[in-house]
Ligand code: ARG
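So this first bit is one chain, no partners, the form predicted alone, shown in structure tokens.
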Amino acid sequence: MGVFVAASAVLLAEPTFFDVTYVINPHMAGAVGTIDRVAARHQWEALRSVYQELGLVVEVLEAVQGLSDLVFVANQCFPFVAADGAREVLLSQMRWPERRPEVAVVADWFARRGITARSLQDPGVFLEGMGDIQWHPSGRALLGGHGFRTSAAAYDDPTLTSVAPVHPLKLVDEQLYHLDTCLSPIDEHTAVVCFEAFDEPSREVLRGAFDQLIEVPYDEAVRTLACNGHCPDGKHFIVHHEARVTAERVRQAGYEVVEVDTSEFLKSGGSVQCMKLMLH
């Protein structure tokens, strides 16, 4: 099996060419051509500062003209540590053609650092990296979303099954199309979740995986992508500032909330979790 290593660094992708130029999820509908790039840059810089203030090393992937969604750097791969201690990545096979060129850019970034990139054995299945794969914070299992972007069959791939047991979770609401839009683990006991995004068997898996599930109202999950908040250290939950009910519930559970503004990125269907890739 693979080795779970707590992340001490995070990769962000520059937002220079971020835009909404096509529609591949419901959040993008009506948002084509509406991005304020100056505001997006300020929001991205503020998020970078938050990670730095929390003690993480921030690596930066340069923007590429024409790849407007590269900024959502969680989606192009799944980094892991193999059983022999080698750092590797499993590359995504993106469902939408518009996003497929992003994978080569991210693969090159890792290759220049001597990190081996692997591909899925079956070219006919889709996998969207850490948009749909999440480590359970215990390090003993992976949680794998499927239904809109990632194929259920992707979780049978030998690379993934060699890393850790995978618990598939079926997504049933197209507005919450990636696992990271409806589930955000905080620590091995607690996660933020929008139950409406999952079928009932998947809800039962989540109830068994965490002692405490902080429920997010459906409207807030969709409108503010509250479950796309991120906890990098088991203590701080970084979330869009308009997710007020979620923020209060997280505080009441004993965690510190760090509010940021990701309003420009919400127009494309992403927020904090989508904009980062934890490096193990």
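These numbers were taken from a predicted model, which means no experiment stands behind them. In this text, residue numbers run from 1 along the sequence as written.
In what follows, reference is made to the form predicted in complex with the ligand, a form of this protein that is not presented.
- Residues 24, 72 and 177 are all found to lie within 4.5 Å of the ligand in the predicted bound form, as judged by heavy atom distances.
- Of the listed positions (87, 99, 118, 136), a single one reaches within 4.5 angstroms of the ligand by any non-hydrogen atom in the predicted bound form, namely 99.
- Interface residue among 50, 28, 56, 67, judged by heavy atoms within 4.5 Å of the ligand in the predicted bound form: 28.
- Of the candidate stretches 187 to 195, 204 to 212, 138 to 146, 74 to 82, only 74 to 82 has residues whose heavy atoms lie within 4.5 Å of the ligand in the predicted bound form.
- In the predicted bound form, the ligand stays beyond 4.5 Å of every heavy atom belonging to residue 262.
- Although the partner is absent here, residue 277 lies well away from the ligand in the predicted bound form, with no heavy atom inside 4.5 Å.
- The ligand is not drawn, but in the predicted bound form it has a heavy atom within 4.5 Å of residue 270.
- Although the partner is absent here, residue 181 lies within 4.5 Å of the ligand in the predicted bound form, judged by heavy atoms.
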